[in-house]
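To begin, one chain is listed below as structure tokens, in the form predicted on its own.
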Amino acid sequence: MISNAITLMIAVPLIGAVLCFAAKSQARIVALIASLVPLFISLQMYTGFDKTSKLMQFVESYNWVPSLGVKYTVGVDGIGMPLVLLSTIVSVLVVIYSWGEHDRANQFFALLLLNEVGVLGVFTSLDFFLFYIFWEIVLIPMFFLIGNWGGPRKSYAAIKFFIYTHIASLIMLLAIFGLYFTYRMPDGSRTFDMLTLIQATSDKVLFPPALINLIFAGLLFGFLVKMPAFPFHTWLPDAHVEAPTAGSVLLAALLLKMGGYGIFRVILPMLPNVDKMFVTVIAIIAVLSIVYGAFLALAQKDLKKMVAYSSVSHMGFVTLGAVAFTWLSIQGAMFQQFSHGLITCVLFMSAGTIQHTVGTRIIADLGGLADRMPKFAVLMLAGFMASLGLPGMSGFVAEFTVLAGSYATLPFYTLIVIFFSVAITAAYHLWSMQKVMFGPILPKFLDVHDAHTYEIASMTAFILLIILFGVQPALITDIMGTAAYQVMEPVKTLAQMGVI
């Protein structure tokens, strides 16, 4: 196994980003190499990961600012490892998909790599101070990707994205400081160690109900805005619609997962120590996100905006599975994070390819494109079928597992989701696909060509992975199993109190 694997995995794309800024015509090659190295390292970590261990693995810890209790501590378990793997896969394939980008290509590819640095740091940090730094780093490349390579309203979308997510981050930071200044180590020093502070919240003397509820609400708010969950979702459609395709892919596949990661890493272990009304609040938010997102997706005229609202709906399954607090639902919610990360890449790549090939994403203005884009049509159809939950693909496994696990403890909420969202989700996927790809081709599209080879290659890779993990989900779920049991430990307390 590679020594200091996580540090190297974060450092290589950071160095690559610097080199890309300095490069001119070779920036895309630098970006590809700098993203392939972390992928190779993450695969090495995957093969060496002990699926039965409850401990953090590949841990590196160094004193950074000892006087403040700040350490550079990184590591992964069954919660973080799948997202690390997802991040490295997506980063490589986004670089390949963007191979034809020529507008300030060196800056564009440098920002893609900087985004990878941020998300890998978030998914591996075990120190709250370090976690927050990486959390904020991610805002920088996405703000500039939207603001410089976006659509007509790119400035508005970039600023709205920054304001929403940055304010949520600041509230989260205040909550982190609440933990930091309340708890002292046995020797009297303070610490930002994530696992130590989370465990310390069970001390009701140190953390009286009013304080812990306030801290918990701040952390929860920061994560829900990032996911985003209803009613904090309004920044997402604008950001997606105006962002370049690569930006939309990274935003949906990786940045939204930061919020879900926070739910599993921080929120669930703290939940038994706070007011039990939070369980109900989170469950209601989950159901509203799923159902409301699905109805809004059905009403959209812009293909990309439809996909954006579908992400709000699909990420609601993560929240629902997490708060249902069964081993099956938690594992399903973790797998939904991974699965949605793959599927949404195909959806946004499809919308982006249509935009730059025919010049519009308005569903009513499209029709019959499969006649001129047969290869692309097959990949887009596969992606849409995966998103609506076709058996044999990862989306079906993830959402079925969440619903099956959630029904045991949250039957009312689960039935609402099944009754309202399943049919609506199928409706907007099938309707948009039929309108865009099938039927007689419109005369204005007779000269349209199929997607570029590099676009077909990256989309094909995603589809193959979606099928692979749909047929063999254990390749990922086995990693999540032990972590799901650990996260589920608080259910004993909640069950005894009659909360679930």
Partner chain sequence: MFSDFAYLIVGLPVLAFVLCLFFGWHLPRGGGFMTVLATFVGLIISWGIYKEMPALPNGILHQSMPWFANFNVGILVDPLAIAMLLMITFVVTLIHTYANAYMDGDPGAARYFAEAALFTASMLGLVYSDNLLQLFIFWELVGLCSYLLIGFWYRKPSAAAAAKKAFLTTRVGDVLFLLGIVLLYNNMVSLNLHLAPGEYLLQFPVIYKYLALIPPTQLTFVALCLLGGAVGKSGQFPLHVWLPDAMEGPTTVSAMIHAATMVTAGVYLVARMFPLFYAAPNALTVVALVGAFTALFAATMGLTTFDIKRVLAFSTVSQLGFMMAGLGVGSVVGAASVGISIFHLIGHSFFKALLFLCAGSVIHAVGTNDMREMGGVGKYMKWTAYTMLIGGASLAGFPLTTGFFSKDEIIVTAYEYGLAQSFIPYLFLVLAAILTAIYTFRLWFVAFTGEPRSDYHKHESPWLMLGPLCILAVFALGFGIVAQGGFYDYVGTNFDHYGVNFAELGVIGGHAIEDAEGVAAEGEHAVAAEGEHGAAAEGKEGGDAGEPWYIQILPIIIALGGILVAALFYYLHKFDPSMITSERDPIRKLLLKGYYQHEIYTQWFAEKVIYGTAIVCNMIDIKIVDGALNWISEVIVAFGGGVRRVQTGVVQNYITAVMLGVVVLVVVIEIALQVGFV
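Predicted, not measured: the structure shown is a model, and the values here were computed from it. Positions refer to the first chain, counted from 1.
This protein has a second form, the form predicted in complex with the partner chain, left out of what is shown; the following refers to that one.
Using a 4.5 angstroms limit between non-hydrogen atoms, W431 touches the partner chain in the predicted complex.
Under a 4.5 angstroms non-hydrogen atom cutoff, the partner chain in the predicted complex lacks P152 among its neighbouring residues. Among heavy atoms of V422, some come within 4.5 Å of the partner chain in the predicted complex.
Looking at Y164, you'd find a heavy atom of it within 4.5 angstroms of the partner chain in the predicted complex. For the three residues F223, F278 and I282, a heavy atom within 4.5 Å of the partner chain turns up in the predicted complex in no case.
Segments offered: 367 to 375, 71 to 79, 244 to 252, 192 to 200. Contacting the partner chain in the predicted complex at heavy atom distances within 4.5 Å is 367 to 375.
Screening G352, G121, G389, G259 for any heavy atom within 4.5 Å of the partner chain in the predicted complex leaves a single hit, G389. Contact with the partner chain in the predicted complex, judged by any heavy atom within 4.5 Å, is made by just one of N273, S313, S98, Q300: Q300. Along 295 to 329, a non-hydrogen atom within 4.5 Å of the partner chain in the predicted complex is carried by F295, L296, L298, A299, Q300, K301, Y309, W327, L328, in order along the sequence.
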